[in-house]
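We give structure tokens for two forms of one protein chain below, kept apart as structure 1 and structure 2.
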Structure 1
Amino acid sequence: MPIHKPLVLIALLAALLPTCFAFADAASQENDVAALGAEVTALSGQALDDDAIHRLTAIDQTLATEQVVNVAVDQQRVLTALAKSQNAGALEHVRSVFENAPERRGSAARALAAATTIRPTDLQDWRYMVRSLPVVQGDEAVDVLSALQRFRTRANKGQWVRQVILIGLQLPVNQQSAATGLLRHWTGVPLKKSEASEWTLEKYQQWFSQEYPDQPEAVLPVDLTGRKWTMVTLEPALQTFRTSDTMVQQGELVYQKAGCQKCHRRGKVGEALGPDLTSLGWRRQRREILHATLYPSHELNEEYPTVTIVLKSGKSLTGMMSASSADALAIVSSTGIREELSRTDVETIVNQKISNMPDGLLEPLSEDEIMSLIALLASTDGVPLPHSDAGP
């Protein structure tokens, strides 16, 4: 049977048209973003009046919906220009980004850090920057650490001092002075400026373990030999992460498969033995969620301590302390089993610097399942914005 060439060409064109339109849409999108980038350059290079601030805010909201490579650079310039404007409405937008867009929290903190060259006395900016310490990396981190040294206010809680050490350990050697400088500013150690050069991050690590013996060591997590899933192996998938309703629905199944519901509640699913995960997506970035799941003992929750209870009978139990009656103690094992004990039977209670959350929780899962779980935990659809995390 002869083949009619016109019909073949029509079929071929029909197959290629969606691809052509996709390329056209992508090119159009990049052109639109480039035009906005040029507008950002023009606006950020001048003193901002109300109209310019309104326009930059609108551009930032538009760029937040785009998925183009250079968008992050333009967004940073927008936030920095708004933060440095000293306009109340502009500052409110930058701080709103910090609270409402966790994935942009580091960018917002960096913008506020740039503004400290103009107003190094705003304690609200100081609190935001301290809260950003768990998420800032690279140049963002250097800018925030340097900005915090401009304030007389100091964060003296062990968890924040530890976080500065951890940031410093991840910076190149030529940038680590930003961390050691802030550590000296906050701790007053060493007292003599002439001795400051001798205090390396390693020396601060030793000092920290003596000064805060109940805190986890100020060291970076080490992956166990043979471990399939680590930050290194999962980072590429996290960087190209695109959530969807399908992923979130799949994540609900993975939540059950991984056993998260045994100790954690999300919405109406799970037990309220450990921290509630319902609003986690508002409070933590996706990278933070993954890191905490891979290395549960790296950062401990003070409200849910892991302890070893030694009974007068000689028996000992290790697990997470749980709410109970005035005459009893309750402890939850790493498998989610809750046991109640009479206080009169308890000999001693010893705090442990480990998490009750099982290690290697993600090992049985596939990469797609892990990303679906992250999509669920990071989802904020239908979840009210919680009160902001406690500051230093």
Structure 2
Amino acid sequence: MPIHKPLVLIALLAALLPTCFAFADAASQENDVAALGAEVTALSGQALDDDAIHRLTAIDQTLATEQVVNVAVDQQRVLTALAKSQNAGALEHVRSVFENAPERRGSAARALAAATTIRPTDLQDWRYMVRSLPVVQGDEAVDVLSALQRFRTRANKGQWVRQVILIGLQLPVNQQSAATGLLRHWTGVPLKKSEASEWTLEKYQQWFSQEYPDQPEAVLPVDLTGRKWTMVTLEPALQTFRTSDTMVQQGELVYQKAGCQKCHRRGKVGEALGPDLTSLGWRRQRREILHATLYPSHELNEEYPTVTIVLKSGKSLTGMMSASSADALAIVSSTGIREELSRTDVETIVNQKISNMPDGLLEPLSEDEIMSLIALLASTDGVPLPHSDAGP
């Protein structure tokens, strides 16, 4: 099949696009973006040759690095065209967007989802899509959930099954079948297809708490009454979020003020009672960081279990176990109080399904302070890229 090289088009657009974004005023920047959009349309409508792939990758980088607005649609089209191109370099670009740009992870996963019609057995695509489950929303989520049903491989570990239920609960009712369809595919429940329509998300929630008793319930977090800061009240600030060096610097002060350093290390600051947050900005997107801070017990990290120690005297203490000597135990409460106990005084130790991280930590802060804290935690300046997340 002959491949049409859109050389004339590229030459023409290249002549039209030399303006440097940094110096362009708002109006011409809009024009440039519109021109790039038109170019994306022209390029992504055909079989891609090496030149086109090269150009699309360059456009993607331009759109991603310039803080331009309203480019999400074009960016999605670029990633989808690259993912579907069957070209190794193009695919590599999409996967590196997933790894290195957490804010675009949902978009990269959606592009891979579109490519499953062409590559329905690529397990690497499958893994990226499963890893995107904590971040995909709306149509992105529907595409990913539907694409995962095309694979024979199942992710039936509790955390992933729970995630699919949680995504489903956030979808409009008429799209929830994308979630229930995947749940049936992964868990094999219900066995009979004729019963599938009875299995609503509610039913899966009940089933989940019995099937996976060690996992937190598959329910969306509920805001305590009277809370000033919630996902809803902070949504507008999150939508218009722009980071800056000043915000990151202010974030350092907020980190201390809010007491995060009592449990978290970041760089050389803070204690190691909770996870190290140094490379958090590579691992998670701003929305996830805010969510984890607002609702600590919503996702529990099994490396930092909260326990209740009941003593033979009847007294009980709740907190995190900490290193101590051979015949003693130490427990640190959520307010940082450490107590040493003799092992012989201990009656039982019970695991708790709540985080030792207190909620409401953001309540004393202003909206600006919260956004500075997020800017700090999401910042990857000078932080080396860690090994990728433990995936499915």
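In this text, rigid core is short for the largest set of C-alphas that superpose within 1.5 Å between two forms. Start at 1 and count along the sequence of structure 1; that gives the residue numbers used here. Source: prediction; values computed, not measured.
- By the stated condition, namely the form predicted in complex with heme C (HEC), the second structure is the one that fits.
- For the rigid-body turn between the two structures, the listed residue at the hinge is Q352, chosen from S324, Q352, G267, L166.
- After fitting the larger rigid piece on its C-alpha atoms, the remaining smaller piece is found rotated by 13 degrees between the two structures.
- We note a C-alpha movement of 3.9 Å at L329 between the two structures, with the rigid core held in register.
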